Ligand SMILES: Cc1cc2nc3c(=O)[nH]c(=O)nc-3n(C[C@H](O)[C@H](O)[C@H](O)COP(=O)(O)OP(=O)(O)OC[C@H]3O[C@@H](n4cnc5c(N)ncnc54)[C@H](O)[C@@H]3O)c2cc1C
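Presented as structure tokens, the chain that follows is alone, the form predicted on its own.
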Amino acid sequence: MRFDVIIIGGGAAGLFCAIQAGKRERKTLVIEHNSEVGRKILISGGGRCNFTNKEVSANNFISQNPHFCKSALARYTPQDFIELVKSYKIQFYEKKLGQLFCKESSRQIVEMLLSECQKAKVEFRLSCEVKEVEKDENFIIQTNQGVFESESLVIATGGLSFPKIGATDFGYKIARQFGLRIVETRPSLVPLIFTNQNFSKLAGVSIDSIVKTRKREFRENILFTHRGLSGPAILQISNYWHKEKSISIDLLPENDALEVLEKNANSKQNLDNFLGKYLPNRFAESFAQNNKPINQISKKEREKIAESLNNWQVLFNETEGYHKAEVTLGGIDTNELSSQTMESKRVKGLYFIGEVVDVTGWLGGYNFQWAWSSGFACGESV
């Protein structure tokens, strides 16, 4: 069975690429190993799909080549996708920081994409397992549903995050098969596990914080888990985390802790009760281990307490792994691809898009926008 374009992977990037290719009257097939397309879209955003962010720039992405994503992002913008969503009368809202979510269900986004695919006469093979990929004059794809041939082959199989919904290393295997370099991968947008501290009694406590590394800082909530920290600020900083380096957490971003303590140096109130005005009670009680009235705490102790509140240095040993990671950091080296088309520089007709590429967005709709933008750029070229 011959096609102009075969796309392996029916996620966000693969579907969007198929739509653009089909609109150009390219005979297009999407091969998906799951029984339905868009499974990651369906579970995203708590089932409401944070489908883009109003403000997107290259600064919101991590890559060994920070300029690589600029071309695709400029050619298909968040506003372009918003207009498509509006044309389907899908209701959406801005949660915060430019993040856009469906009011009803993420299934609306999948149905919109499938409707666009139908208009573009895209064909699908579901529950279709690729056994082997070869290249002669064209690409030959052997599957459990027969042999398919195409002039262009697009790899849109995503990264390793969420193995329970079918994530595999297929895309990296194909890249290696054709001699493309891969930037080392690891789980990201992921909770982190403490090195040698145990705050399991605080599991469920959430605190508005500023979380920093040398390169970046994010102000959002942190969330204590049984083994470490999660919450939006931690997921964001996990993109920049290195095992041997501590992360700084300001638990009182609105206050200079030392100034507050000095102003109340004569207070007879116990430290835990005093801190309870600024922080959740469970945390205040745990933090004030040697609990005593503030007027019995020495200046040196107050300085140490303040430093712990405004600049808590935390070491993490590891992440919670791919089963809890929203994305995969690293992937196909961008030096191997054209930033205009996503085509391999080594192998004519071979393309890589979406999460499988070494372009990783922040939390907040950026990774979906990369999927739409890279899929669009590729779909205009294949």
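Counting begins at 1, following the sequence as shown. The shown structure was predicted, so the numbers you read here are calculated from the model rather than taken from an experiment.
Beyond the structure shown, there is the form predicted in complex with this ligand, which is absent from this document and is the topic of what follows.
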query: Residue 161 within 4.5 Å of this ligand in the predicted complex, heavy atoms; finding: yes
query: 4.5 angstroms heavy atom contact with this ligand in the predicted complex for residue 330; finding: no
query: This ligand contact at residue 105 in the predicted complex, heavy atom, 4.5 Å; finding: no
query: Residue 44, heavy atom within 4.5 angstroms of this ligand in the predicted complex; finding: yes
query: Stretch from 47-55, 312-320, 64-72, 336-344 whose residues place a heavy atom within 4.5 Å of this ligand in the predicted complex; finding: 47-55
query: Listed residue that, although this ligand is not shown, lies within 4.5 Å of it in the predicted complex (heavy atoms), from 168, 200, 267, 143; finding: 168
query: Interface residues of 1-19 toward this ligand, as seen in the predicted complex [heavy atoms, 4.5 Å]; finding: 8, 9, 10, 11, 12, 13, 14
